[in-house]
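Read the single chain below, which is given as structure tokens and is the form predicted on its own.
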């Protein structure tokens, strides 16, 4: 990318982030109740006045917003309301779980969807293609809040092959095997929908790519089918999949919330639901902003990968 393009993208991201923080703080600040009342509980007006002063609740909207924004950019994130503890500590404990859950689920989806799509594209409208099409449409009709309880019932209750909800999960750096063993079913809960989407999109794009002239030339050179698929057809067929992967980061976060609730994982989704039930507005605000920032950064990464995969995009943006 040229320097002008990079500067423009950076400015766009900064403006977007400012708008996200402003909208998040505005709407959450309009919710009934306040943090001081949650912190003080049955304590008297003295406690309310003290906590209200510390939290800038007695100030106009923009001074409160700037105070909150200062905590956000300083990395302290302020204090949660119930119980009172540093939000940074809470996030440090919970975000690795959600991050691993989303990444693991997408690895499962890619490992399953790509071979299925390639095999279907080579033999379109054959028996396997029709069966995989029916299976993907069936899985698309099953949301995560249905898939999660079903997986938990069949594979932790009826068939105790995997640990149940609330099982001890060591860090992946301490015990990778046990960590992945506990994370498999929650990750599969999210991956089921992604598998169906990726398989259908990649199949359609690959069928179109296999009709291109450079593929005909590769076949004329005597290259094997699988070499053509992996070395020549797969790369230009991934644009739609990458685009949808960036757009559906919001759906992945929703799936992570459901998976964490069903399987008892204390990730960001679990903490967000807990904060909402306790009217813990500071925690709700910070987690909402983190999810929004993750969405923006993911789409920025996808935008950069376009230039890596296809030189035509890189040349067009340079000019």
Partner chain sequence: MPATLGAAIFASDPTLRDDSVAVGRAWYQGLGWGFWVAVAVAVIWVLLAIFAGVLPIQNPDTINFNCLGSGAGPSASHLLGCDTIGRDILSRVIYGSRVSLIVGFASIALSFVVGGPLGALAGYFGGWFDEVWSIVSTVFLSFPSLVLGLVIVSFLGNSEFDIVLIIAIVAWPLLFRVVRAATIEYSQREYVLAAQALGSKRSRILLKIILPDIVPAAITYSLVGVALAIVGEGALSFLGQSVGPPIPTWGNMIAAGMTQMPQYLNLLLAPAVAMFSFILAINFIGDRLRSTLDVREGVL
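Everything numeric in this text was worked out from a predicted model, so none of it was measured. Positions refer to the first chain, counted from 1.
Omitted from view is the form predicted in complex with the partner chain, to which the following refers.
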Note to self: For a quick test of understanding: in the model of the complex, does each of 76, 93 and 172 have a heavy atom within 4.5 Å of the partner chain?
What the structure shows: no
Notebook entry, point to check: Out of 107, 142, 131, 242, which one falls within 4.5 Å of the partner chain in the model of the complex, going by heavy atoms?
Noted result: 142
Note to self: Please identify the residue among 47, 66, 273, 53 with any heavy atom within 4.5 Å of the partner chain in the model of the complex.
What the structure shows: 273
Next item on the list: Find out whether any non-hydrogen atom of residue 152 is located within 4.5 angstroms of the partner chain in the model of the complex, and reply yes or no.
Entry: yes
Check: Is residue 265 close enough to the partner chain in the model of the complex to count, meaning some heavy atom within 4.5 Å?
Finding: no
Notebook entry, point to check: Hey, in the model of the complex, does residue 161 get a heavy atom within 4.5 angstroms of the partner chain?
Noted result: no
Checklist line | Distance check, residue 137 to the partner chain in the model of the complex, heavy atom within 4.5 Å | finding: yes
Next item on the list: Counting only non-hydrogen atoms, choose the one of 153-161, 176-184, 227-235, 93-101 that falls within 4.5 Å of the partner chain in the model of the complex.
Entry: 153-161
